[in-house]
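Consider the single chain below, provided in structure tokens and representing the form predicted alone.
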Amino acid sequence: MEDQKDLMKIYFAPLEGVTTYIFRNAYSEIYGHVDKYFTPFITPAEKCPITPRERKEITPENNKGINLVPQILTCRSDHFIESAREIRAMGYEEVNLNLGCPSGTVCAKGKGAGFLKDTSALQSFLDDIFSYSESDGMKISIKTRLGFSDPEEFYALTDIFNAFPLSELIVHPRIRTDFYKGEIRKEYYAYALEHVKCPLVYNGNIFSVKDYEEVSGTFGSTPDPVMLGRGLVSDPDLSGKLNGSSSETDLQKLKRLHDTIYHEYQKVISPDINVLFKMRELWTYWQVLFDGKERDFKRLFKAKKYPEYEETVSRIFLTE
């Protein structure tokens, strides 16, 4: 049995509409190997720190046995604090601030990666929320990009972050205008390794063990913890592969994951097509694991009723 002390720490990045509590529970039960799960962002508004849908996502009753960190997206410190207080009352001891979302609608409101443009406002915001965190005993971590339009913005951002007691800084080494395309800017993460004072977490473009080894070779050290998002959804065995507990993707485990998520969504969503919309989104990631099934996937993405969908899924998992 693996020595738990020697295992790399794996964090599951939030993917809106994908890593729901239903997905997290199924993944945790079937695969494990994840130390922290981060929720898709909560967006507090005036007189509404957490919506009923968001509350359902983070309520401890729906996340039993999972080390969950709620993520908040806002550029208003009063909204952040109101939301964090409600989260604290639910029993959580850490929240994460999203400074990485590159969405145009998000950034246009000065949130997510859009907040990185205004370092003066960001510093004032952090003054407020860390004053709150000290009084309420709430840890705050930050997930950030290198900057909005120029990676050299990261130098000033590092100085700002170093002035506050972050529990962790999760760095995705791209700027907002990169979105998720192109090579990551590894030299800036190397700078973070040398200059960031709080615990550091690497995030970005790890879809395989080879990817991780290449990143490690660039830095001359093995990033740990590491946050995985699209790579871990695309290959749910990736966390085990990185920690040496598995060497290849187990399609039978993936079938169990699929079936568990599918049946749980059927309990809370209707009609058929709405459940199938959720499952199709997952299949946009999983289809990379299957060769020669192109015709089946065309049919799957067009299915509107459960029987057609289920028959197609059975064919996809047939490995003869």
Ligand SMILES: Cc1cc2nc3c(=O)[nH]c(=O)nc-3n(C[C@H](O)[C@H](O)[C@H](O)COP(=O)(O)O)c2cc1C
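From 1 onward, residues are counted along the sequence shown. All figures in this text were calculated on a predicted structure; none of them were measured in a lab.
One more form of this protein should be noted, the form predicted together with this ligand, which is absent from this view; the next part is about it.
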{"item": "is_contact(residue 180, this ligand) in the predicted bound form, heavy atom dist at most 4.5 Å", "value": "yes"}
{"item": "Residue contact check: residue 151 to this ligand in the predicted bound form, 4.5 Å heavy atom", "value": "no"}
{"item": "Contact flag, residue 10 vs this ligand in the predicted bound form, heavy atom cut 4.5 Å", "value": "no"}
{"item": "Contact of residue 176 with this ligand in the predicted bound form (heavy atom, 4.5 Å)", "value": "no"}
{"item": "Which of 204-212, 86-94, 111-119, 151-159 lines the interface with this ligand in the predicted bound form (heavy atom within 4.5 Å)", "value": "204-212"}
{"item": "Listed residue (166, 228, 242, 81) with a non-hydrogen atom within 4.5 angstroms of this ligand in the predicted bound form", "value": "228"}
{"item": "Members of 267-289 lying within 4.5 angstroms of this ligand, judged by heavy atom, in the predicted bound form", "value": "285"}
